[in-house]
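Below: one protein chain in two forms, given as structure tokens, structure 1 then structure 2.
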Structure 1
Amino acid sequence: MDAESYQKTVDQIAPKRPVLLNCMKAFLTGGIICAIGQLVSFVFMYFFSFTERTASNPSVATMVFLSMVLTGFGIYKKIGQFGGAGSAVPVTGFGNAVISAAIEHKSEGFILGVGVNMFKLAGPVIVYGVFSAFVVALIKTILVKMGVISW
């Protein structure tokens, strides 16, 4: 059997993925997570006198914390199975990645298990996020100094 006929056989036997349905589930899941995040932000603004700008950091921290708690109870896994990338793309996916790795390796001990493996997946996100923020801040500072944009 040559490669072309093999591929045709595989295409006939393999189940078809519901791409449109998966996209709609991801959109719905991500939208709900973001709407909850916006509600958390409104709570900080209404009850704690934050401004829209200052409420963002505690809102993000709260959402990451909530995703970590939901991961610990096994709920976020079900959300991820339903919503796919819709649960991974928001900042809650970061909290899920950190805690799920920690839970998976807790039997190896706190230092060599949890401590070492906790940031295997999230570590590159942190590194490239910090580096990207530095580059953007550097470019903005240069543009402000040159008078191209105002602070």
Structure 2
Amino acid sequence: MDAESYQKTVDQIAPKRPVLLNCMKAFLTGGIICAIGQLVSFVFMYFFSFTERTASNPSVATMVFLSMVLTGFGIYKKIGQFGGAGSAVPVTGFGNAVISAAIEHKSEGFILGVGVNMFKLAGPVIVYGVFSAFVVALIKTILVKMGVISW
């Protein structure tokens, strides 16, 4: 059996990911998460003395906290199966990636388990997030120095 013709058979028979439906579910899930985030942000602005700019930090922290609670109760993975990228991309997905790894590795202790593995999934986001921010900042600095754009 040659691999190429076999892959054709697989493509014909294997159920496809329902991409369009998944996109709609992701849009809905991500949208709801972001709407809740916006609501949290308004709460910080109206009931506490935060401005639109300063409210983002406590809002993110609150959303991450909520996602950690949901992860701990085993609910976030169900949201994830339904919402896909919709629940993975917002900051709640980041929280889920961190806390799920922390829960998972608690059996190996707090140093070798939780400490070593907590950022196993979320680590790449930090590494490449920081790195791309650096590259973008470098490009902008050069462009400003050259007088192409201004800060």
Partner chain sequence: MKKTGTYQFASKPSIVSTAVSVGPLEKVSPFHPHFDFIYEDERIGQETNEKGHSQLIEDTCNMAVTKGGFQLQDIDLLLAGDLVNEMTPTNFAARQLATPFMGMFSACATSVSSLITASFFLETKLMDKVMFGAASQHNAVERQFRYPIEYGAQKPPTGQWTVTGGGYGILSHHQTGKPYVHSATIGQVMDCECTDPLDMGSAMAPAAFDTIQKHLAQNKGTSYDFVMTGDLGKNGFSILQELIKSSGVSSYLVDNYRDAGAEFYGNEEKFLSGASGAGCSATVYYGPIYAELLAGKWKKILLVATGALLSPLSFQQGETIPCIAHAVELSME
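Only a predicted model underlies this, so the values are computations on that prediction, with no experimental measurement involved. Structure 1 provides the reference sequence; residues are numbered from 1 along it. Only the largest set of C-alpha atoms that superpose within 1.5 Å between the two forms is called the rigid core.
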| query | finding |
| --- | --- |
| Of the two forms shown alone, the one predicted together with the partner chain | 2 |
| Rigid core superposed: Met24 CA moves 2 Å or more between structures 1 and 2 | no |
| Degrees turned by the smaller rigid body between structures 1 and 2, as judged from C-alpha superposition | 12 |
| Rigid core fit between structures 1 and 2: Cα deviation of Val136 in angstrom | 4.6 |
